[in-house]
Structures are given as structure tokens and as C-alpha cells.
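Shown here is one chain on its own, the form predicted alone, set out as C-alpha cells.
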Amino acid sequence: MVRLERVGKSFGDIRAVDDVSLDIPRGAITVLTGADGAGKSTLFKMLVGLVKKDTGRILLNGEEIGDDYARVTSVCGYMPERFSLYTDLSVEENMDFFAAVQQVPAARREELKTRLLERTGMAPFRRRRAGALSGGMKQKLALSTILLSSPQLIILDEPTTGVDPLSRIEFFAIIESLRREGRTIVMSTPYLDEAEKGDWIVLIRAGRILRQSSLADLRRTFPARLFRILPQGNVFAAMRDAASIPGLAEAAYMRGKFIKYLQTGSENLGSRIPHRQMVEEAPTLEDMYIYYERRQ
């Protein structure tokens, strides 16, 4: 549905987005994941015209949009990272205001508003002031307001940051139901376990894409073996000693009381760490991100 070709953006000496090419498939959940400052928000803002790109092309349904961002915004609902609704208005008043802004026909407005509030579980709180909502409820209200225009493309910038675990589950259930309806969803998250829920995953660091693929393909093509090592002594001392072994320090990292080791050569250097246990395991998306990040 949307394609970015060699898109770039700088802010002074900072290269926020560096020659990014990206496909956002129709009817799927695309997730951009990476640390803060990776360029995720800047990419989204360029998509909807809030920030002007320096280089590259953005295409919608195979046609370059140029400076005509109305072509994107007419089919898009954008939810920014920060809560941007009116905290002094009630849930229902916010919905009424955004329905008017989005020119929802008056005949449909009440029915659509009620249906969206019920769908997101916000109907019992329709008279509560938005500023008094929990983090998760604020995000569900924000999502409800952008759904008023029935967008085919939904852009969500870190929608679950600062949201409690139960609300995250509820939010993703709503997102999945939208995907089943055929909506195209692109979202960002700093949480790699959340990113695994995407149909298409984009690993991004320092404005550059490390990898983009389905989770199944990322796992199938991952070029390293992962070992979880329980050292004999203190894990910090074991990591310090590992730094003296050529080729090991850059392939090992701590997770709790364990050391994880990514083997890429024929020799298992992790076995040189005095250990009580060493087990090979399937890599998570976090492990894969660390591998590709270190090689950039």
C-alpha cells in the first residue's frame, strides 16, 4: 500500500532518517521497532506530511505523492506518540469534537461514536474527563477518535508506551480485529516482544533499517546459534573475563544471571567461560536485534 524509497531526513548535523527504503503491505500489521532516537517517529511524521523529507520518494498505491500529502491523510488515521486530546473535555466531548473536525456526517455521528466506544471498552467512561483516564484508557480513546473517519491506513506511534500490561493486551486485541477487517496498520514500539505480534517487522537503529521481514523469515535466516550460559561464579566477573577472549566479548551479553552468546563461527567460544550450564535455545527478536545492531 505504501512504499518509501531511499527517504532521508536531517536536523542540522543529526541524520534522523538515513536512506530508508520500506514497504508497508496492505491489510497487514507492520511494526517498526528500535530504541528511542532510532528514527521511527520522524518516519511517521514524513508519511503524513508533518515533517518534510530531504530526499527520496513516498508512494501510495504505486503512485508518488510528491507534496500532495492530502492523498495520504484522506485515507489515514495518525495517532502521535504523545496524548494529544483535550484533557478538560470528557471522553464523549472529545469524540464529538473530532467527529466534527473529520466531517463525519451528522446522521452517522452518534451511531459511529457509540459503536467505537463500545468496541474499545470506553462506553462506561464516556462522561469521564480525558485527563482523569489511565494511560491505557487514554490510548484507547485516542484510537477511537482516529477511527471516526474509517481510515484504511492506521499509523500508531508507540501506542503502548507507559501503558500497563493488561491494557496492552486489550489494545493489541483491538489492533488485531482491525487487521481482520482489512485495515493496513503500521505502528512503532520500543518493546521487542510486542514487535513479534507484527506480520511484517522492521528493525531500525540510528535512522537505518537493520532488517525487514516476517518473524518466520527472520528466524529462518538468522545466521547465528544462540547459547544461554550460567557461569560458575559472578556473572559480572565472568563477563569481564570473557572480554579477554578474542571474538567473545562482541558476541556475548548479560541477561539476568545468564550470559547469552551468539556463535557465528565454527568454534563455540562460549564454552571457554567457566560454567555450570550451557544450553542452546531459539533466539527471540531481542537476540536478533542485538546481533544485527552490533554488526552495523
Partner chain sequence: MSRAAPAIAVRDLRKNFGGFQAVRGISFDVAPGEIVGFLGPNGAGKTTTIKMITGLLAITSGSVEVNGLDNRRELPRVKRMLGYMSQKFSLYPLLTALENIEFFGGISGLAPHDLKAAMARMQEAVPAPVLRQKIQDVPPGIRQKVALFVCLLPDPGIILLDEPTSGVDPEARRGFWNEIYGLKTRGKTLLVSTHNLDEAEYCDRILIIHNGEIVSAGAPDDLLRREGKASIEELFEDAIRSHGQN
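These numbers come from a predicted model, not from an experiment. Numbering follows the first chain given and starts at 1.
Keep in mind that the form predicted in complex with its partner chain is missing from the display, and what follows is about it.
So its partner chain isn't shown here. In the predicted complex, which residue out of Ala70, Leu50, Ala35, Ile245 has a non-hydrogen atom within 4.5 Å of it?
Of the candidates Ala70, Leu50, Ala35, Ile245, Ala35 is the one lying within 4.5 Å of its partner chain in the predicted complex.
Exactly one residue in Asn268, Asn61, Asn234, Thr55 has a non-hydrogen atom within 4.5 Å of its partner chain in the predicted complex; which is it?
Result of the distance check: Asn234.
Classify Asp18 as contacting or not contacting its partner chain in the predicted complex by the rule of any non-hydrogen atom within 4.5 angstroms, answering yes or no.
Because no heavy atom of Asp18 falls inside 4.5 Å of its partner chain in the predicted complex, the answer is no.
If we define contact as a non-hydrogen atom of the residue within 4.5 angstroms of the partner, is Glu286 a contact of its partner chain in the predicted complex?
Yes.
Given that the partner is absent here, does Pro223 sit within 4.5 Å of its partner chain in the predicted complex, heavy atoms only?
Although its partner chain is absent here, Pro223 would stay clear of it in the predicted complex, with no heavy atoms inside 4.5 Å.
According to a 4.5 angstroms non-hydrogen atom cut-off, is Pro190 in contact with its partner chain in the predicted complex?
Judged by the heavy-atom cut-off of 4.5 Å, Pro190 is in contact with its partner chain in the predicted complex.
Candidate spot Arg108, Arg128 and Asp157, all three touching its partner chain in the predicted complex (heavy atom, 4.5 Å):
None of them does, since no heavy atom lies within 4.5 Å of the partner.
Stretch from 99 to 107, 84 to 92, 193 to 201, 114 to 122 whose residues place a heavy atom within 4.5 Å of its partner chain in the predicted complex:
Residues of 193 to 201 come within 4.5 Å of the partner.
Can you list, in sequence order, the residues from 250 to 264 that come within 4.5 Å of its partner chain in the predicted complex, counting heavy atoms only?
Those in contact are Tyr253, Met254, Arg255, Gly256, Lys257.
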